[in-house]
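First come two forms of one protein chain, each written alone as structure tokens, so that there is a structure 1 and a structure 2.
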Structure 1
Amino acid sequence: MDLDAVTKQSALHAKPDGLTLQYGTAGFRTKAEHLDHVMFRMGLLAVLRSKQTKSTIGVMVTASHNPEEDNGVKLVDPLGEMLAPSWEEHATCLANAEEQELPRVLLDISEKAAVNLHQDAFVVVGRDTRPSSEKLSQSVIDGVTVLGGQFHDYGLLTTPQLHYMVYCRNTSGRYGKATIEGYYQKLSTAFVELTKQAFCSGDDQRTLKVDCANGIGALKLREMKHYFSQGLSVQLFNDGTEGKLNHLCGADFVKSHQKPPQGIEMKSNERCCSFDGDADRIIYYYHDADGQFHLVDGDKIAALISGFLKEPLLEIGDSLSLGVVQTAYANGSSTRYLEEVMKVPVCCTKTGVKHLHHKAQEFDIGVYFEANGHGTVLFSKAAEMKIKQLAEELEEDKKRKAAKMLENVIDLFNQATGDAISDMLVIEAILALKGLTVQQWDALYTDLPNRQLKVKVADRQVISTTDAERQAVKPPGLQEAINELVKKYRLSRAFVRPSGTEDIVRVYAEADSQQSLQNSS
């Protein structure tokens, strides 16, 4: 490690005085003009992580659903998963080190993580369409090269596509080809195979309007759509030709404002969906005949997918475990539907995709979606092997078809991470196979009225929680007061939890009616 070269190069990416950032679930995010030094240093860190794991590591330059002026960066671990928690701490420490401390911090991380500095390193880089992303991704590459790491710059990619590339490279191509064409072919082939026998009640059911949030999803979906054009026609809106990234559009806008994005025309009962800026979230919605807006969020996506998966699992008669993972924000009606109607086990975990992902790995087939539309289905290696084996060996036609259907679903999901394009194709395949309209899907259960608030506080650490953030343990008396209020209303619940990054407390409440909800608020 040539620390003199690092010091010299770092001076060209100098850290602003007094700036402190925290690596969280979404990596680093802030105004783009404050991130040059962070990007350079994450290039350094990616090389150390690559040397330690003897694997390809990914670096994605994006701020997802944040405004266009922001940017961010996150590292992708060897199997396409998020960075290990111990390395999140290293990332924070490295990003916040003053210039003169940088060599010492790099050596300290190398010693603590037992990095073999003579090991080769390889890093892949991707970026979204923000005006700042190209320059910032070059800063990452500067960090990689000064430590002697090799790199491949994929340029413009969705975040899930970069996760896919990392996974492919570290499984020697067994997961798929580490090219954008490989990604398109893998997903579209599985979609076409899965929908061959689909029942379709009319051409309109196979047309989908997609709000791309003026982001990278538009570019990639436009490139991909001819691969599956016979099975699904997608119409792109907010495609980046005009309008700002995530401004009055995108999954986060639709979810939080409970209304359609600007720039999309909706007819009655048309299926529409929105991606977020880096295409790792998806939300569905429609207008009914009376012009009423209906949101079909991540909870209903999880209900649709888990219900679909249960049928072929029962058909093949295997004992593979299927479970759904939710957070405290999941609507109570969705939990009751899954447990009482679908008879699918549900468990709750702390907010944040990394917690959901980890918990989902406890099942042979784990389904997780946050209400905001970020999620996927994870198949364990044992389940994957078992299903592929059954698809080849089962003699009874109906059972073999069921196993083959599950095999196609495995190939269709980007299991490395939540992926709006992958999720969209799975949802469209299920709706086509089951002959469901978006209204019928929405009618699986009725959401309980709910409300979320953010309350600014002087110190968020005065509140701490347990039971997957559903119960407050301090300050004393807070949970008791919530319990007394909740008792007064039918099917009601409420919780408070501190933000992970800022001095804000988030409050959630739901009840059997809007009147009860208003009274409890």
Structure 2
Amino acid sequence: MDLDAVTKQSALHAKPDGLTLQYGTAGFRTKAEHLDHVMFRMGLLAVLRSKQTKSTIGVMVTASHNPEEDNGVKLVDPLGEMLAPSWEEHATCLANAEEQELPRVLLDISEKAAVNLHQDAFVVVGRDTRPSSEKLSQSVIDGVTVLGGQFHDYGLLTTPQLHYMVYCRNTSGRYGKATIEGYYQKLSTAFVELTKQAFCSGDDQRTLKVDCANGIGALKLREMKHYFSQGLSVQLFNDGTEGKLNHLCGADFVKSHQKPPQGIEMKSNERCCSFDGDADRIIYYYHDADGQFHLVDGDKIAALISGFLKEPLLEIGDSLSLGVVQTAYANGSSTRYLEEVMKVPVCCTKTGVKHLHHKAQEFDIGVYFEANGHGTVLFSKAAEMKIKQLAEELEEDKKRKAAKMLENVIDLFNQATGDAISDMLVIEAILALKGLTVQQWDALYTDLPNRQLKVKVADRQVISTTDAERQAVKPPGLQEAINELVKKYRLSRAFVRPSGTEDIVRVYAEADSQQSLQNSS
């Protein structure tokens, strides 16, 4: 490690005095103008992590659904998963070190994490469409090169595409080809195979309107749509040619305002969906014949998918375990539906994909979705092998068909992380195979009316929670006050937690009717 070179280069990416940031739920996120030094340092850290794991590490420059002026960065671990928690701490230390402390902190991390500094390092970099992203990703690359790491800059990518690239590179191509073309091919082939058996319904059924949040999703979906056009025709809105990123559009806007985005024309009963700014979340919605807006969120996506998976699993007759992972934000109706009607086990974890992902790995087939539309389905290695084997071996036609279908489903889901494009194709395949309209899907259960608020407080850390964030332990009296309110209304539930990505406290409440909800919130 040439620490003199690091010090010299770092001076070109100097940290503003006194600025402290934390590696949160989704990496570092703040105004883009404050991030240059963080990017350089994350380039350094990615090299150390790569040396330590002897694997390719990813660095993604994005602030997802946050405003265009913001930006952010997160590291992607070898199997495409989020950075390990102990390294989140290293990331925070490194980002906050004053200039003169930088060499010492780098040495400290190397020592604590037992990094073999003679090992080679390889880092892949991706970025979203924000005006600040190109320059910031160059700062990441400066950090990588000054520590002697090699890199590949993928340029513009969705966040899940970068996770996919990392996963491919660390599994010697077994997961797929680590190119954008490889990603398109893998997903489209699985989609086309899967939908071959679908009853050919009218053109209306095969058309989907997509609000791309004026982000990277638009670019990538436009490139990709030709690959699967025989099975699905997508119409792009908010494609970035005019509007501002995430402004009055995108999955986060639609979910939190419970209304359609601007810039999309919706006819009654037409199926529409929204991606977020880096295309790792997806939300569906429609207007009914009376012009009423209906949101079909991540919970309903989980319900659709787990219902769909149950049938072929039963058919192949193997006792592979299927489970669903949610967070406290899951609508109470969805949890009840999954447990009581679908009869699948449901777990609740803390907010943030890494928690859900981790829990989902405990099942042979783990379905995980946040209500806001971030999620995927994970298949254990054992489940994948079993399904592949059955797809080849089974004599009986029906069973083999079921195993083949599952095989394509495995390929269609992004196993590294939630992916709006991949989830969209899975959902569209299921709707086509089952001959379901968006209204029929929506009718699986009725959401309890719910509301989510953001509250600015002086110090959000005065609130601490337990029981997967559903109970407040501090400050004293808060939980008792919530209990008092909640017990007055039927099927009601409420909780308060500090956000892991914004300087605010989030308040959530749901109840059996709009009236009860308004009274309680």
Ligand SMILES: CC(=O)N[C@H]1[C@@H](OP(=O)(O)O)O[C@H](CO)[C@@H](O)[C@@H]1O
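Note that the rigid core is defined as the largest set of C-alphas that superpose within 1.5 Å between two forms. By convention here, residues take numbers in order along the sequence of structure 1, the first being 1. Here the structure is a predicted model, which means the values were calculated and not measured.
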Checklist line | Identity of the form predicted alone among structures 1 and 2 | finding: 1
Checklist line | Rigid-part rotation between structures 1 and 2 - which of 402, 249, 323, 284 lies at its hinge | finding: 323
Notebook entry, point to check: Quick one: degrees of rotation for the smaller rigid part between structures 1 and 2, relative to the bigger part?
Noted result: 7
Note to self: Once both forms are fitted on the core, what is the Cα shift for residue 457 between structures 1 and 2 in Å?
What the structure shows: 3.5
Next item on the list: Report, in Å with one decimal, the C-alpha displacement of residue 477 between structures 1 and 2 after core superposition.
Entry: 4.2
